[in-house]
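Starting off, we have a lone chain in the form predicted alone, written out as structure tokens.
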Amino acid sequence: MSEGNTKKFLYINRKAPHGSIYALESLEVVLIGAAFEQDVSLAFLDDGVFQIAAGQDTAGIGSKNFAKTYRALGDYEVRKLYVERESLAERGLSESDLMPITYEDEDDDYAEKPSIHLVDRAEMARIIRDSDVVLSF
């Protein structure tokens, strides 16, 4: 696909990772978008911040634990995961409660760099406004 056809896709995740299909569906759609070489970003707001919380264990609820898939996003060139700082704080979480999600930067001798970027609500609003396509889950 030529660079002129690349759109900025933003997938907004607002739901907890389990108890509904939203989180898993979002992740699958993200991987599809990335396969078509689009500029893909994810945003985690509200209870969506729990999707990338460290130490998820679904054994007791009989649900598939797909959390580890987020760590593979860098392999699909999905390198921008925006987390709303206020949503974390409102749920008693901090950045240290999140999974370490990184990617290898081939332009920097494959240095490992963080994919998660904490942003405040004003910055999140700008990111949403600057996206060509916004899909909310």
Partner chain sequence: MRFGIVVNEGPYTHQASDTAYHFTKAVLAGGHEVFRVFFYHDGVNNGTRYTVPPQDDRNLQKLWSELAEQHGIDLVVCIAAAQRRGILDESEAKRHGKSGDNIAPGFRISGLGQLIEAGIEADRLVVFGD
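Since this is a predicted model, take the numbers as computed values, not measurements. Residue numbers count along the first chain shown, from 1.
Only in words, not in the display: the form predicted in complex with its partner chain, which the text now covers.
Checking 24, 119, 128, 16 for any heavy atom within 4.5 Å of its partner chain in the predicted complex turns up a single hit: 24. Residues within 4.5 angstroms of its partner chain in the predicted complex, judged by any non-hydrogen atom, belong to 35-43 and to none of the other stretches in 35-43, 89-97, 52-60, 75-83.
Although the partner is absent from this view, residue 104 stays clear of its partner chain in the predicted complex, with no non-hydrogen atom inside 4.5 angstroms. Residues of 111-137 that come within 4.5 Å of its partner chain in the predicted complex, judged by any heavy atom, are 133, 134, 135, 136, 137 in sequence order.
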